[in-house]
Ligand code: XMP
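One chain comes next, on its own, written out as structure tokens in the form predicted on its own.
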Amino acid sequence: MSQNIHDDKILILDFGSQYTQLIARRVREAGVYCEIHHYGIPAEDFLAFNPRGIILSGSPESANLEDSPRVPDYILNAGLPILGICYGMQTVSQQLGGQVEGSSKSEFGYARIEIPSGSVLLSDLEHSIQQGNVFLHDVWMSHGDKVTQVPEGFKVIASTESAPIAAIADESRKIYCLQFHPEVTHTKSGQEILNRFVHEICQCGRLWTPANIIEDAIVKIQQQVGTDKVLLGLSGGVDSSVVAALLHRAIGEQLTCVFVDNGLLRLHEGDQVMETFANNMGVKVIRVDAEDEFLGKLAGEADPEAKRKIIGNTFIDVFDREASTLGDVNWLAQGTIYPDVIESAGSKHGTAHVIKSHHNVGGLPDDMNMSLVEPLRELFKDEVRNIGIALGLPHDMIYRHPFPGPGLGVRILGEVKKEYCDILRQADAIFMEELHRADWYQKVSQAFVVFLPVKSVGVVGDARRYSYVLAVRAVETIDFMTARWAHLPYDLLETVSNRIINEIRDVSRVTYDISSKPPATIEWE
């Protein structure tokens, strides 16, 4: 590469919006690297990051309160292009001498904005309707407060009936502010707006591509590990599979994959992993049967956070033993991705609330004998999949539904037992088979079955059955930061339920989880 793919980059300041990760994904879809940082990023970190432009996220806060989050003055005065979204618009307006007030009429959902001609950011968008010198465009609003007076030097570049100041700009300073959300798909030309900002206004190139990311990762891996040996815990999921292919291309025989059959995997998964990697890809894979060790350490433990840490620590114990057997292994590779870091409050400033610890972020012991290699740590799931396809991995492998690192350990509520694992494995296999048969597997982003440690009365034939309850879960999502429960056809759900109850004698009842994220998480634990 003639240029570092991180040179042209955008800084996203997070004020607590549920859409912040979507902003980042859209910027990267535009071929530009970006990072999310807390709005209070220290000046030295801001200068070291050296962005070409700044995007300010929305927020549940109100900009007209005295203790509201603010953009640091050294960022407002840095002379860089700024795009304020929703709260970002309001706080910029307030800080630069404008006025923000609570509105008697909130806007949540679709709105049609009027855009006068001449706006660099908004004029003549692809999905606009032109009426004379005005463009009409459908956008997505989500706000209660609104700007009622623009700061000096700004002009109004969009309006609605209830929000006459729906977008403003000081084009001499390259500061643009939008009351609506261009990052959500409901804003029809949202991607085009963000493209204009990062490419035309910030002058960023399109360096963030799968091919460039792979080349950059290979160079960094080679620089990081040198001639050392690397051990990868291979689960067969998308993330670890892409890491395996990436490391194999970067360091070849220096890589040894350890596939730990921990008794918490899906039906026949161990055999499938070995067939795919060892036999078809030529990757060196060692299979370790550790079911008794994992289940033994999990015995009696019902707390989900404790289970995650037990599983994570046990993985490291196994890897340490295998590394000792192999000799001179200094590095442990992992498939950690950006959402793992965010949800584990692992961001640099640590201001996020811990939702749940990921075994490969929050569950690693301090005295681990190996250093970490995490080549996917700054990537979202869709970017990981794109990388996998570019590396030549099979489509079915790359677009297989995500499977959590702790496996069935977090899909069994309460204590984990082999009996529960066996029941869950069979039920999950039935669910996957029926999703494929009905052509719904690729229409949902993730689907699985959850074991509930309660029993319910059922009737099978003329006999009473007092057996376990299972929950079926399927969601639709783009980034796994937010998700909607999948509206599966009733006849499909009926078929799944009937098969599970008829084919697994230890199950008497099947339920369907209709919780979205938020407020629920995708996994139950």
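Numbering starts at 1 and follows the sequence shown. Rigid core here is just the name for the largest C-alpha set that superposes within 1.5 Å across the two forms. Quick caveat, the model's predicted, so the values are computed rather than measured.
There is another form of the same protein, the form predicted together with this ligand; it is not shown, and what comes next is about it.
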task: Using a 4.5 Å heavy atom cut-off, state whether residue 33 contacts this ligand in the predicted complex.
output: no
- request: Considering only heavy atoms, tell me if residue 210 and this ligand come within 4.5 Å of each other in the predicted complex.
  value: no
query: Is residue 521 a contact residue for this ligand in the predicted complex, using a 4.5 Å heavy atom cut-off?
result: yes
query: Does this ligand come within 4.5 Å of any heavy atom of residue 9 in the predicted complex?
result: no
Triplet 15, 58 and 94 all within 4.5 Å of this ligand in the predicted complex via a heavy atom: no
query: If contact means any heavy atom within 4.5 Å, which of 283-291, 405-413, 94-102, 253-261 contacts this ligand in the predicted complex?
result: 405-413
query: Just one of 191, 446, 426, 119 has a heavy atom within 4.5 Å of this ligand in the predicted complex. Which one?
result: 446
Option touching this ligand, based on a heavy atom within 4.5 Å in the predicted complex, out of 196, 308, 297, 381: 308
- prompt: Core aligned, does the CA of residue 517 move at least 2 Å between this form and the one not shown?
  reply: yes
- prompt: So with the core overlaid, does the Cα of residue 26 end up 2 Å or more away between this form and the one not shown?
  reply: no
query: Taking the rigid core as the reference frame, is the Cα of residue 151 displaced by 2 Å or more between this form and the one not shown?
result: no
